[in-house]
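Just the one chain here, laid out as structure tokens, in the form predicted on its own.
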Amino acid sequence: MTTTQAPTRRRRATWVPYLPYLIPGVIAFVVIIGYPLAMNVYYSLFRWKGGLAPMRFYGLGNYADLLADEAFWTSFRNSISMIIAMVIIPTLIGLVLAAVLFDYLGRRFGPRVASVLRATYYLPQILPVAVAGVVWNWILNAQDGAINVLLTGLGVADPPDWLGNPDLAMPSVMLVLIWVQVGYPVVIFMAALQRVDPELYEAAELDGAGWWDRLKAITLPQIRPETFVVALTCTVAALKVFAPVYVLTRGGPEGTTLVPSYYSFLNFFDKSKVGYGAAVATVLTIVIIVVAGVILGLQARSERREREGR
């Protein structure tokens, strides 16, 4: 009897030293994430205008209404553009810039030059969204914006309305997001390249490998784990993007830049449809969890194949 219970006691005893460290984290998770998420799901089951207005139980009615809501589907289709602007293009540009800074400029002109350029690329990331929005609103303004003033000076009689034209608003927002986001993968990839042995690049260069060959044979395989990290974090950021859209276009014109997080905000505050806005936020949360799970699964499969190939 005592021999069968001894391992159980030992297992339980191993958890005891970790309890003081686990309890604060669990409490923080429940207060910051768990409880707000549970309340959001709860509100999504009601029709409620907020405040002291009565709450009427609606069950899954809000979710059923979403299926017939064209604005809801438009917001998620626009998320594809956000992913292109915040994940795909910045990752590709960041990969090339990091490789150039590390493998070429850093070796030719020293690490200080590469560090200065890396900080320059990352600067938009640390700017407050309001400041960046004011700057880009001035640049893209239809009347006296910097771009249109330049075009007028070049002889363009009717310069475009970058943020007011339904055909140009989304590309303009995407341009701003690329500018903001490109520094993040540059910093991550350059940090990853610090652990790569420089002799690998020197040996490849002595063997006649060009920059593109070194990128494919050395850089890409070495930074694969960080590529998944960038893909995961940037995809989540793209799906829940809010501030740039709020500052630049408020989802317009004609809903061409509407995204799920801003659509949820509109229903919460402007339309006083708290339950409906909560349903939009709940669906967005589920989508983010599924997408994150897929990316983490792909990362685990890639790591498993790499271990099996060794």
Partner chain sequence: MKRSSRLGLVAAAASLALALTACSGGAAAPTAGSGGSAADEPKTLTIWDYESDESAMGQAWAKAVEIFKAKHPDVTVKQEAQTFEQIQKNAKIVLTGDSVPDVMEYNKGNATAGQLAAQGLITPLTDAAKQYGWDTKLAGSLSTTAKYDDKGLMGSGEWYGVPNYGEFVGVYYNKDLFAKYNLQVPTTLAEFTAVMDAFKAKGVTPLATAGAEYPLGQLWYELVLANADRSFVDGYQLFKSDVDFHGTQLTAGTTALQDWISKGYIDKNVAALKAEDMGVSFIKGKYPMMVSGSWWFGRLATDMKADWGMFTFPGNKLHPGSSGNLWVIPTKAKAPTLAKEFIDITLSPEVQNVLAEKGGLPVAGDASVITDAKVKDLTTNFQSILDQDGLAFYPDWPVPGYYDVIVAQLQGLANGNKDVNATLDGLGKAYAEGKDDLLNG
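Residue numbers count along the first chain shown, from 1. None of the values given here were measured: they were computed from a predicted structure.
Missing here is the form predicted together with the partner chain; even so, the following discussion is about that form.
Heavy atoms within 4.5 Å of the partner chain in the predicted bound form are found in one stretch of 200-208, 122-130, 220-228, 96-104, which is 122-130.
In the predicted bound form, every residue of the candidate spot (R47, V247 and E254) has a heavy atom lying within 4.5 Å of the partner chain. When the partner chain is considered in the predicted bound form, A278 lies well away from it, no heavy atom lying within 4.5 Å. The closest heavy atom approach of M190 to the partner chain in the predicted bound form falls outside 4.5 Å. Residue contact check for Q143: one or more of its heavy atoms lie within 4.5 Å of the partner chain in the predicted bound form.
A residue is said to contact a partner when one of its heavy atoms sits within 4.5 Å of a partner heavy atom; L284 fails this definition for the partner chain in the predicted bound form, lying far away. Checking T152, S115, T233, S81 against the partner chain in the predicted bound form, a heavy atom within 4.5 Å turns up for just one residue: T233. Using a 4.5 Å cut-off on any heavy atom, the residues of 134-164 that reach the partner chain in the predicted bound form are, in sequence order, N137, N141, A142, Q143, D144, D158, D161, L163, G164.
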